[in-house]
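Here are two versions of the same chain, shown separately as structure tokens and labelled structure 1 and structure 2.
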Structure 1
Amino acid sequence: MRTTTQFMNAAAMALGADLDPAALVSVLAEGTPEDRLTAWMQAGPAGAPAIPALAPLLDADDPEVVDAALCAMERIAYYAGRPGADAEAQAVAAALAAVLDPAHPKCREVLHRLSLVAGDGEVAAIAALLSDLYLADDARLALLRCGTDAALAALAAAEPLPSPPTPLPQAHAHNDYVHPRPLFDALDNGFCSIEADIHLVDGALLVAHDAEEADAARTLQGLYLEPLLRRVRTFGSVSPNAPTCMLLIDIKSEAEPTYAALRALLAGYAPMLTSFEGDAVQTRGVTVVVSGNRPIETISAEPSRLVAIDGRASDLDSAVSPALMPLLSDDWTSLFSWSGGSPMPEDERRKLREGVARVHAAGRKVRFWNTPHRTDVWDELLAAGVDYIGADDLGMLRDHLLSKQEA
């Protein structure tokens, strides 16, 4: 592989020459900020072969690497769009369409670059995004920019954009990351509370239930924080007309170092996060609540925070401020024996309702885990005023809550 200096010299000497995609990626991933700047500015001639090589950099933990990769893709698209380079433009467009993934947080940015060179061959891939509430406007602009008969026909044939899902403030996506489309499946069903388990592995916060399942590609930043940020920037909230979205982060690894990494990461997303200054709360699009291995003393000592703490039933009579501990969660099976299928025993129903009332009187909200996945259990939770109802079957809970709203 050529050195950074050799790569730069080659780019400067022969703008039209083929550039080594591996060398370009190496500079963008590992070079100094100055090297990155020079590399992406000279990336145009790298052409279509560089696009699949650059795509993995969009998942990098370092946002400067991600931005550099996007800048390189843009340069490549602009360069391919020069007069007389139709074959090159077609190749770059096909390469960009191949990495266009509506579930990826950088899909909008890739779509913009595709729109610079898209032709009839890319119309179908772009038109497929017209039904996506988040990407539809960008897809329409991309088709207009393409301007071919096929692109305009796709626009004319597009169905009206569906209405956003009805927000369901009580719907909590338990272990959300196990779904085929983490975060997006829950939001498409109207859920306003999302749960993600995290492990600190080699300095990265990876989303998984157990440490042995942790995958370096599934980061908290990539799966949740980046797409949430883009939605808040687009809609003003995570979803249109929705309240703040609770992101319940369950720490599975050691509390203190994991929280230290989490705190540093969240600082980069402060504009979308609910903030806490003593008892003062500034609510924004996403509210982070830390559960699991909670470093309670550390968080409590912070005068300014971007997280709150998930309490337990033992904190029911605690004098801790609701601004610090706005939620109490506990294991249903440790508190109640009833699992549905028959009327709830009156003594347990009374215990549930009185407990929820006491929590609410203290200014907190209530959640249980390990609740039986049954509609009759959900009905008792709703009747008692439980604030968050967890589900693994997102559609089943959505349909049940909507039926209650319509009744």
Structure 2
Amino acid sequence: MRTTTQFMNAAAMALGADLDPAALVSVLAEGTPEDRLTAWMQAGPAGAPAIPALAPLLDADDPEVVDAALCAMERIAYYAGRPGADAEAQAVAAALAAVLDPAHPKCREVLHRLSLVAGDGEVAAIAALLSDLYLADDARLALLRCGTDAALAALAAAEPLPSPPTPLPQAHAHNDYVHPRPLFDALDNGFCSIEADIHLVDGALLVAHDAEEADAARTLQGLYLEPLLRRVRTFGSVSPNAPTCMLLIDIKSEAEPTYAALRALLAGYAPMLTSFEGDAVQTRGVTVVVSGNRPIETISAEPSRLVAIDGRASDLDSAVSPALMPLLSDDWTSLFSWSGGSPMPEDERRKLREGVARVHAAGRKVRFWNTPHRTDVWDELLAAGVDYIGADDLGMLRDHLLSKQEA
């Protein structure tokens, strides 16, 4: 609740009176929108001491509070950058560099504000970000804005810079959790679909292929949901410029109790999850599709959901809404005999293409598992319009899809 003292602080700031960082932060965190505005507009003279006090506000749940803190930092940077205030600018730059955290969703915003006042003292801190896949270009822009010889030299020394991966909407990471860096290896290769097998063990949802392999330290929450949430807070989607990321959760343990635990867990991540209300779909950063032991009746009966159902080839002519069942998946080897290495038999090619067209006509997408890990097979899948191509060798599929984009 806003206190009289806080209100008076905001009013005092409007008059340009002495600025107390704690009071500034208090108003930004708890004041009315009008008080927040008054406070950040007058924040310039608060200077370097206010920066570390403002930084925790970047973790606020309310985007208006986060924005107000960033606006205050910007005002401070511009004020300190006025002619004849070099010492002040250096202090503000040092303070901003000190709160620069590459793991924080707002790092690029803090970096931009730092770039407004940065000098040689901050070059090392900025240059350290030039190797970050997702922050390299923002660091480059900051060094160019800084513009000193040292900044330009640091930039030249770091060339060529890494680039964020090109999103590959068709790339599906089969059994993603077996990779050295679950989730991140796939995302860094541009994958937009991730598969995780889950088991309900002693009330916890553990990620593993078999129950015997389940490790209490490898939870769905820790390996996937938490890092995905940080990514969505950073990029609005799981990766920059990428469509919604499909998290294909393959339930390996008993359907109903596992789904009940999953539903309860996902509720805490609703802001990043695509939601379904009947046939209405609100697409967000992560779209969860349940596969494996699917409690179809339970999910179908829910008026409001955070998951959809993975169908099978037998659902090809199903009347189920594509909002409930947006994807059909099936075993390639049960439907096709061709495994690559020779031209695909025409009858199988026709069957594939006609089947994919029927799935698409129903408003769904299509995926096969057990597809041969071969580029000629992938080419046939792509030519037929198959929406997701599963791969264990992430780099091989990435390179092939990129080569098709460039062609």
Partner chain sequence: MSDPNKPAGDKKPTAAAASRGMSRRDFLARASAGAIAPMILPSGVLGLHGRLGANDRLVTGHIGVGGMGRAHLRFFAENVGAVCDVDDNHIAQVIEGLGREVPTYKDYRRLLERDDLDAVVIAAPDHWHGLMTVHACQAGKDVYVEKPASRTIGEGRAMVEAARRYNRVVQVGSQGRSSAHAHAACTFMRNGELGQVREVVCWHVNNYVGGDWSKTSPPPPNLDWDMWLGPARWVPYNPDRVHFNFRWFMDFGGGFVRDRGAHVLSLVFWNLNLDHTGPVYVEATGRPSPTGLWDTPETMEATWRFRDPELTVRWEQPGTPVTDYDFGATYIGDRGSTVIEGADGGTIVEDHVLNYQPPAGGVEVKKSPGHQEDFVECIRTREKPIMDIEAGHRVATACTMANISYLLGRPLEWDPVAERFLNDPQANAMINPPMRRPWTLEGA
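The term rigid core refers to the maximal set of C-alpha atoms that superpose within 1.5 Å between the two forms. The model shown is predicted, which means the values in this text are computed figures rather than measured ones. Throughout, residue numbering runs from 1 along the sequence of structure 1.
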Structure holding the form predicted on its own is number 1
Rigid parts turn between structure 1 and structure 2; the listed option from R230, W332, L161, L135 at their hinge is L161
How far the smaller rigid part rotates between structure 1 and structure 2, stated in whole degrees, is 57
After superposing on the rigid core, the Cα of L129 moves between structure 1 and structure 2 by an amount in angstrom of 6.7
Core-superposed C-alpha displacement of A80 between structure 1 and structure 2, in angstrom, equals 29.7
